[in-house]
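Heads up, the chain below is alone and in the form predicted on its own; it's given as structure tokens.
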């Protein structure tokens, strides 16, 4: 059985992203021809990988591209010079 890529699937994934297990409000879900793209930024690669794992596990019939970036959460290692 093939899962249809529509606004209901997007809403279901967005709901999963914001519930207590994932709890990420800044992740977007965008439909492209035959796949869904998750976008946004999180604080670590572990967090990104866990989000992608949970979404792929919940929707195994849907091709999902995990395009989630990592935010630098630590202090800068060098001084920024402003000219």
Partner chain sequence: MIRIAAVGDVHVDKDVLGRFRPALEELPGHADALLIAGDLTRHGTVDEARCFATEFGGLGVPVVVVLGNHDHQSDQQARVTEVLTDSGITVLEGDATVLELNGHRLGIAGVKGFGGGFAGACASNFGEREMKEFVGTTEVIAARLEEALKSVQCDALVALTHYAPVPDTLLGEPLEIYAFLGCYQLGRAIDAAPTALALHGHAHHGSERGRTPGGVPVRNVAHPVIKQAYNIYQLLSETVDTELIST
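Numbering follows the first chain given and starts at 1. All figures in this text were calculated on a predicted structure; none of them were measured in a lab.
Same protein, other form: the form predicted together with its partner chain, not shown, and the subject of what follows.
K.L.:
Answer yes if any heavy atom of residue 6 is within 4.5 Å of a heavy atom of its partner chain in the predicted bound form; otherwise answer no.
P.N.:
Because no heavy atom of residue 6 falls inside 4.5 Å of its partner chain in the predicted bound form, the answer is no.
K.L.:
Is there a heavy atom of residue 43 lying 4.5 Å or less from a heavy atom of its partner chain in the predicted bound form?
P.N.:
Yes, residue 43 sits close enough to its partner chain in the predicted bound form that at least one of its heavy atoms falls within 4.5 Å.
K.L.:
Closest heavy atom of residue 64 to its partner chain in the predicted bound form, within 4.5 Å or not?
P.N.:
Contact with its partner chain, no.
K.L.:
Can you work out whether residue 15 and its partner chain are in contact in the predicted bound form, taking contact to mean some heavy atom pair no more than 4.5 Å apart?
P.N.:
No, residue 15 stays farther than 4.5 Å from its partner chain in the predicted bound form.
K.L.:
Residue by residue through 8-23, which ones have a non-hydrogen atom no more than 4.5 angstroms from its partner chain in the predicted bound form?
P.N.:
Sequence-ordered list: 20, 21, 22, 23.
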